[in-house]
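Next up: a single chain in structure tokens, the form predicted on its own.
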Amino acid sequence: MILTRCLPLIWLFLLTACAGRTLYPLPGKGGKGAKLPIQTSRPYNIAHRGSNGEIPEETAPAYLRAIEEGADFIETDVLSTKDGVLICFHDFTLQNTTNVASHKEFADRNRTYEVQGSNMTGFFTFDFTLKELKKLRTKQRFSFRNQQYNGKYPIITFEEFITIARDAPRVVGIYPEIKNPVLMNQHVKWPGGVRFEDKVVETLKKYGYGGSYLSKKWLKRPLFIQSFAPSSLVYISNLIDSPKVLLIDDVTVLTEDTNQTYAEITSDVYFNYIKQYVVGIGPWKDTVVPVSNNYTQAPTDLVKRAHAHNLKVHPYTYRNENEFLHLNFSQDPYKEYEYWINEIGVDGLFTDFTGSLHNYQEWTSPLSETSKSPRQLLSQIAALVLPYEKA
């Protein structure tokens, strides 16, 4: 009876609320054709290789899906082809995420090279021209993820990736990684002694990227440049003023360029040096919060120390599947986001599931009063119903 009497009022409230926004808004163009700006009031939602929990990584559909789901930034790894074209691809070998092994015409490209002191065998990107790579089709990296898109989507170029971001209906940032620069510079030669890093910066400038963090120019085309190689970030600091992020692997791993452990380059002494060139670090999340027997342990002081040096912290990688969720979080990715955002205090998160992070943030920290979270809407409905319950 009470519900029946309340229904018209609830319907009117929902109609008014929903006229202003959808339950989970994916902003498009603002007034007079202007794009809505990137949000800077909450931790960044960084689409790790696109929405690759759903669609094969680093493909155009994966990036388009991430934008649709609410990503602030789309992230990519930049490598080079034999003919010097920059492509979006994570591994320097092709066999794990493409169908290259089924192309008999490329059988002789299965080769062995020394990479960071070890022999590695596979189909290396720098042994293929762009035209040849475009014949391949991508596939999911993990067998437990959706396989329906395997064999459908091609490798894309860095310029195609940039175009996806620029054509988005709102301002979407890009987050390219200068991937394996030592290896790329060893095997790909550009005229005039141009380096791999030079080509990355040249491409970014071609499309109007630049500007210091949160400057007017940066806000127009948001960009972070990341790398595991600190010398590459130092080198490009003389070429472009865009913010740079030093990626951090397990503390026992050696950097590919300076042969230091990541334990060394996360010291306060090193932070004092590198903060001249970078605005933040991107640590592997187990380096921030160690794990034992699939349970998280007490966090290290890495985030606290980085923040003390005025460095942002964007850990990687957050994934929804039980294979990656530590047992503390009860197979609930929202609990993991809650912990990292509110207890660890990170400034951005690399996630394979952009939609999950977006939904969590809209639920807990909507961007404006006109963008009510579902929790707020339900509270307001309850307030409307309460007088009728007392009647």
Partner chain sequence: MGGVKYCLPLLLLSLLIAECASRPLYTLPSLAKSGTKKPLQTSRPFNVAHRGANGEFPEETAPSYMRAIEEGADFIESDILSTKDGVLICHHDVNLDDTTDVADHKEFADRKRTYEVQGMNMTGFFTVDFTLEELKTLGAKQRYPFRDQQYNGKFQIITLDEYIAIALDATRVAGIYPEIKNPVFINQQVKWADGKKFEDKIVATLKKYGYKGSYMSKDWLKQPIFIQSFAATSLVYISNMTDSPKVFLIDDVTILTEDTNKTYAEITSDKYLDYIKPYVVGIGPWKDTIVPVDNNRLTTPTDLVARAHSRNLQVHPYTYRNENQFLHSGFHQDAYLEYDYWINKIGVDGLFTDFTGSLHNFQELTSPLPKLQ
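Keep in mind it's a predicted model, so treat the numbers as computed, not measured. Numbering follows the first chain given and starts at 1.
Not on display, but discussed next: the form predicted together with its partner chain.
(message) What I'd like checked is whether Q148, Y334 and W363 together line its partner chain in the predicted complex, meaning each has a non-hydrogen atom within 4.5 Å of it.
(response) Checking in the predicted complex: Q148, Y334 and W363 are all within 4.5 Å of its partner chain.
(request) Could you tell me which one of D83, E264, E321, E132 places a heavy atom within 4.5 Å of its partner chain in the predicted complex? (result) Selected option: E321.
(request) Name the stretch, out of 56-64, 325-333, 343-351, 41-49, where some heavy atom lies within 4.5 Å of its partner chain in the predicted complex. (result) Of the options given, it is 325-333.
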